[in-house]
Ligand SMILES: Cc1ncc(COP(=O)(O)O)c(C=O)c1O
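Next up: a single chain in structure tokens, the form predicted alone.
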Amino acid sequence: MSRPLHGGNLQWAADIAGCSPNSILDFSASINPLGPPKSAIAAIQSHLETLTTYPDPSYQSLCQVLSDIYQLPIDWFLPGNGSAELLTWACRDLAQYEWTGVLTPAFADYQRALSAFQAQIHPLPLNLSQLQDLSPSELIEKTLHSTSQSVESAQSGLLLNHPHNPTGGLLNLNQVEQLLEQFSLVVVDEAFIDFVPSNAQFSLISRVQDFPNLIILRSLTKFYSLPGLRLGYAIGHPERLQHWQRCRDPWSVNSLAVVAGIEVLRDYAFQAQTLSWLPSARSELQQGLVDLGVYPLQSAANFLLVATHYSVPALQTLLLTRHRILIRDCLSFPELGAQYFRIAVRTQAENERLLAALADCLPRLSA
């Protein structure tokens, strides 16, 4: 089996570790370890009878909940088969322009989706050598400022994620508003924004009605630990979303995903529990990594990008064979290569298990 491009490939990891996939402790996929919420499981179990009928292709019930939460008209939302499906449609629109700017390193699916429509990708590289002096958020701001100063053609697009994957840095919203004045289309992937406390203050959803050239993508699978269910949504101008709806398969979202989505969006207790757990768990894990002599970046998300002097593929193999722990190598990010790894923030006990395993494996790579 070839090396995976994404995290969470437990079968690949289990083949290396010589165990079953269920025996792997997965730090490679940035999924909330507190979920899935009981509300989601109960909703799925109580709606199994809906499997015998087609779902509502307009997903009015789910869109109404989103409308109530974000105080936007119902037709400004479009649910999708995970945010990945919606990213594909957004990249089809971006491909209409002369070029699309993408902060690099970038989530690998951006390359996939843009290339599928022969989009001209214009990398906007973060100067990683400055990470000792600047936080990821400051580095992103500096890179976008340089981009703003150099844009000459209005016929261009911009694809951003917020927080940035893989660094965990946040965007400057005032800066993004300036970019919206310059670019024909700006797509902001907010797949991890729910992990940011007071995230309504950091999201661009409040700006979407002011900018018809803004599309926001959101995921319900990472925060609520439902990646196998596949559920996300886009927020954007109704004309654009209606066009996507007319072009795509009529039933992109299954009925169980709809009912689970409705319940978790209203599960304020689970949301509060997650936002209470994450900051201290992330801080303790970050300090533990520093104590081991590696270099985690400041992150606003539920993952940490870690720089190291060691060979990460070798470290990854050692962690699997000795401890059945999977970390995410960064070989799919060409700008990072073999000296970086990314890990999810998990429970305190699991984080301590990772730190103990690293304390065992890192000296072996130095021998």
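Note that the coordinates shown come from a computational prediction; the quantities given were computed from them, not determined experimentally. All residue numbers refer to positions in the sequence shown, first residue = 1.
We do not show the form predicted in complex with the named molecule, though everything after this point is about it.
Only one segment in the set 67 to 75, 188 to 196, 123 to 131, 269 to 277 has any non-hydrogen atom within 4.5 angstroms of the named molecule in the predicted complex, and it is 188 to 196. Taken together, the three residues T100, G157 and R240 lack any non-hydrogen atom within 4.5 angstroms of the named molecule in the predicted complex. Proximity of F107 to the named molecule in the predicted complex falls within the 4.5 Å heavy atom cutoff. Remark: T167 does not count among the residues lining the named molecule in the predicted complex, judged by a heavy atom distance of 4.5 Å or less.
When the named molecule is considered in the predicted complex, G82 lines it closely, a heavy atom lying within 4.5 Å. A residue is said to contact a partner when one of its heavy atoms sits within 4.5 Å of a partner heavy atom; R282 fails this definition for the named molecule in the predicted complex, lying far away. Note on the partner interface in the predicted complex: the residue among T88, T221, S137, S252 having a heavy atom within 4.5 angstroms of the named molecule is T221.
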